[in-house]
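Just one chain follows, in the form predicted on its own, and it is written as structure tokens.
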Amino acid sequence: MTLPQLNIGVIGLGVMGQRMLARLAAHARLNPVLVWDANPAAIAQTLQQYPALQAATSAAQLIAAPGLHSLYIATPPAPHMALSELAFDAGLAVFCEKPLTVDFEAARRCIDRIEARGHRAAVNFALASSPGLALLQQHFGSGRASELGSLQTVELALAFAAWPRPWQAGAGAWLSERIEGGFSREVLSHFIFALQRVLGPATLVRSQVDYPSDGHRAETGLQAELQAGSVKIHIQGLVGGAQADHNAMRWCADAGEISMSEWFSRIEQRRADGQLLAGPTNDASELRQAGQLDQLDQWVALIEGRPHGLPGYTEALAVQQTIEAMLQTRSNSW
């Protein structure tokens, strides 16, 4: 039996909007039909690449269009909550890019509405569908007993040759600005999501942030220590180093460790005696493809009101609260 297609409206045609359109083009059920962006040139370029799409005259007109099932929001953070509210008014499921927002009061009002009225909403933390995250939950999730023993520390390192990265040049100036942008909100947040999905809420112990002296550009360095239960988390992020863009996370237990790098696409499990353990395939391309396909299938479940593993707005707000806490320097003797 052929299942019905689910029509998607896309607001925001920058880097993330274009990436999502490319992925949706290969999915059997998620069908992008209507797009809008504040930049007419972005709309024109998108329609040239995807002739079957139609352009709305405004964000509000797109959301109110008949026949849509879901809205994908790929704008800068400021309008996320207002667009979500309009989508709920129209009965649409919402899939929103992160960061969710820096307006916590607006987010809480939106979450209250979701909880009171059962609206369907999720946030695009890509690691939610990663086989690597499933492995971490298997070993260190609540109540789990791991052959690697009890988790002691988590270490996370991020490095960027430049920020924004060259491929983000078309995303807009906001990515480089302190108000909504920066690598902590855009990249570190993915890993904070994974951390808190496995271990629960993390609290800030201390942080040190390096900002440019101009008063408006985003952070160029971050050191932070968090605590999640009995587990200590050490974080380092740097812009402008000699190393190319890189991310690596080590989950160190008393009888072994799990190391993940490059968006959990490279995974290694090792006992304390050095013995390697079997786990998910270490084919980076295969792991990425599996995660991306699972995410789209989870989006279908969201639209249809079925159980899914995508992070909701409450979980995304908790991530953002941790990020914003780290960005307010709190140092007590490094």
Ligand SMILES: NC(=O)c1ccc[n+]([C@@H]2O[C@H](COP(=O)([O-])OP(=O)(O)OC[C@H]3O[C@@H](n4cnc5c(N)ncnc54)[C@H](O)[C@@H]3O)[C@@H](O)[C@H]2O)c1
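Note that the structure is predicted; figures quoted are calculated from it, not measured. Note that residue numbering begins at 1 and tracks the sequence as displayed.
Just so it is clear, the following notes concern the form predicted in complex with the ligand, a form of the same protein that is not shown.
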### Message
Can you tell me which of 266-274, 34-42, 47-55, 305-313 lies within 4.5 Å of the ligand in the model of the complex, counting heavy atoms only?
### Response
34-42
### Message
Even though the partner isn't displayed, in the model of the complex is residue 12 close enough to the ligand, meaning a heavy atom within 4.5 Å?
### Response
yes
### Query
Is the gap between residue 317 and the ligand in the model of the complex 4.5 Å or less for some heavy atom pair?
no
### Query
Even though the ligand is not shown here, does residue 124 get within 4.5 Å of it in the model of the complex, heavy atoms only?
yes
### Query
Is residue 138 a contact residue for the ligand in the model of the complex, using a 4.5 Å heavy atom cut-off?
no
### Summary
As a check of understanding, the residue in 202, 239, 74, 86 with any heavy atom within 4.5 Å of the ligand in the model of the complex should be identified as 74
### Message
Which residue, 227, 168, 153, 261, is the contact with the ligand in the model of the complex, using a 4.5 Å heavy atom cutoff?
### Response
168
### Query
Within 4.5 Å of the ligand in the model of the complex: all of 79, 97 and 190, by heavy atom?
yes
#### Entry: Heavy atom contacts to the ligand in the model of the complex at 4.5 Å, residues of 295-309 in sequence order
none
